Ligand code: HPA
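So this first bit is one chain, no partners, the form predicted on its own, shown in structure tokens.
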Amino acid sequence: MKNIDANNHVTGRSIYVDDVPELGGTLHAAVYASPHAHGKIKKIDSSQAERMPGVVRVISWKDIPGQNEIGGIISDEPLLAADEVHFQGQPVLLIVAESEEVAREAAGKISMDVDPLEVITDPRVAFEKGHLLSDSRTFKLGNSQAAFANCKYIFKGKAISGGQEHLYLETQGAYAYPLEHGNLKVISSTQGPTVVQRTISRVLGLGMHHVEVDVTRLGGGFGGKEDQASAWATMAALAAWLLQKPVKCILHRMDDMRMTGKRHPYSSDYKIGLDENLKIQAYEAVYYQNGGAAADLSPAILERTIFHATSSYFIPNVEVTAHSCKTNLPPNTAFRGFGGPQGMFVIEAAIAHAAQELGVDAFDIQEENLLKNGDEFPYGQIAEGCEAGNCWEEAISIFEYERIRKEVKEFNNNHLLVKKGVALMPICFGISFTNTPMNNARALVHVYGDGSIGVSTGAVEMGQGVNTKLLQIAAAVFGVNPQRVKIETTNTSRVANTSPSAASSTTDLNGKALVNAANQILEQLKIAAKNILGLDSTEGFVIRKETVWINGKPTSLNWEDLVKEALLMRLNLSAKGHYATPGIHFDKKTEKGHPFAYHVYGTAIIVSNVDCLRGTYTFESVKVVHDYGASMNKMIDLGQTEGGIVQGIGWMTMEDVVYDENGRLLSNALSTYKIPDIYAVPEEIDVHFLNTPGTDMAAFRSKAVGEPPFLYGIGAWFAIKNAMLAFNPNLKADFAESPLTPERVLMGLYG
């Protein structure tokens, strides 16, 4: 089935926040943001802005009727700065005017004086000074200290992974307007409608029932709108509430880049120990997460880093510790993979280090240590339905890895200044929110009198195709033509207390809630069918192609007639479904449990070409065997995989988020921040679907596909590094830094 949004996307008819027709009298808001990274506010002069024609009001923290607080996990982030600023770009004032142009011009006429305070941008410096956003976390398995004493080979090193700008096509924004009876409606570009609703409720001092949040779709999110969308929606809501006028707040691209958080940069230390057979016997790592100036989602992201510290490998003795460090940068936030990629880069760097020092191929260490069924993860969960070995073996076989390795070696022997590198990247990614209570969803389903069906869930469509998959689920469960099904906007008044569309769990949670609701309605339709057909029982009742079947045989009763008769019988054809993932749990006191519903596996083979004279590179191919389970929509899953691979390669290679020592973003535009374009993507991306039945924990046994493919991009770093080693075998082994930009390649080759 094709993506139901594709036609509107390519013809420009899809509706985003800024496409919503404006109500009469709509005002526009712009933000005055701190030009200082850290300091006590002495004076703010907004007099020139207030006198400008068209300016309606300048709003400060003093105008907030409720709490000046938007922190999600930890209450440590004001909506508008009061006495102190903690990063360049922190919102201080909200200017509301008759047009966006006037509001932005007025913001430029505001000045602020501060008493400067120390600016910290390095997480290790923050840690040394005791500046932490949350408690540090440690996972242990076995006894790593004792195990190191028996290791034949021990290697220590450092790994650094950089940030990443979300660069969603649609910037942050919201449109808010007052309704009667003291209610407020907010159209928001958010992955978390309930997060936005809760935040607005807190800031305005209203009950959540007074705030309706509606989302049609996002023009991309990647995690950047899971938590941080709430700030801009709350600003629009605050202005609309105070002025009792419709207010729109849409960020300019450069403001969005300057004022919002990125993927967390990490600086990490590792220690790895192997025996004579290349079995990893012990592994330790310490991660210094750069969380920025407020917690945002950093504690949860930190947790997922250590959940994925050992990646696709079984290591019997592990101790990994992570620190969330407070710096004077915009609060960093969720990004595809949610901290998992940062942890996986470190273990791959440790394996590559060991391989280089021992004079063996990293392939040999990777293969020797792959997870198997029954192996224990450092957090206590036991590997079940493990496809790590199957993905690895199938990739080696169908893509003829030995031939690729031989060709790369022959090429390098015959070329002096251009070298090829090949690397394998096995992945293992846990599917569920690691905060167990978030793993639940609801769905509201109506079957109308003409047989059409309306479906509301908590899922937010942001380009990942969830609406298409939900439509498929509804059509399949009811046995009707997909054209009968409409997926409604995501709305907090129809479906309440939703979890964000994140953690690759959106289809699983909302799809299973939808199945629950649909089955409730089917039970009502069974009653109708029994009476209409004069049956003693409805055993063997199913609907196929809009016809009622009983015990494997079609009847004369069709879908439309069944629905009409059911309503005449006053049966309920509306239902609210609920789903909570069973069997998952985690005890943070012992750091043990079963946090994930299941894991997704895969293996990628990446081949790079490096121009060793210039430091430039290309990717010849990325060949993948991926564990999709029983994919319900291969085209959508393939698109997610290809996009994830390219985005992951971008993070590892060219996407370099750069701040200066004063906390000013230098990579603040598309002229200074580079993402993969058509010329940078691999020449070939070949994706093979592993033949596997999937798991009942996934919707229709079709495994989650949002985040796992991103991890394949990590292998691009090691493919480049292997090409560099072919040119200069004396490269430093105990230090890995990403992104591996052409500048870093050139300096590494000759440094």
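None of these values were measured; they are calculated from a predicted model. In case it trips you up, residue 1 is the first one in the sequence shown, and so on.
The same protein has a further form, the form predicted in complex with the ligand, not shown here; the description that follows concerns it.
For the options Glu655, Asp256, Glu226, Glu284, the residue carrying a heavy atom within 4.5 angstroms of the ligand in the predicted bound form is Glu226.
Contact with the ligand in the predicted bound form, defined as a heavy atom within 4.5 Å, holds for exactly one of Val186, Leu79, Ile473, Ala300, namely Ala300. The closest heavy atom approach of Leu141 to the ligand in the predicted bound form falls outside 4.5 Å. Put simply, Met438 is close to the ligand in the predicted bound form: some heavy atom of it is within 4.5 Å. In the predicted bound form, the ligand sits within 4.5 Å of a heavy atom of Phe338. The closest non-hydrogen atom of Phe87 lies beyond 4.5 Å of the ligand in the predicted bound form. Remark: of stretches 348-356, 671-679, 376-384, 429-437, the one touching the ligand in the predicted bound form is 429-437 (heavy atom within 4.5 Å). The partner is not shown here, but in the predicted bound form the stretch 472-510 reaches within 4.5 angstroms of the ligand through a heavy atom at Ala502, Ala503.
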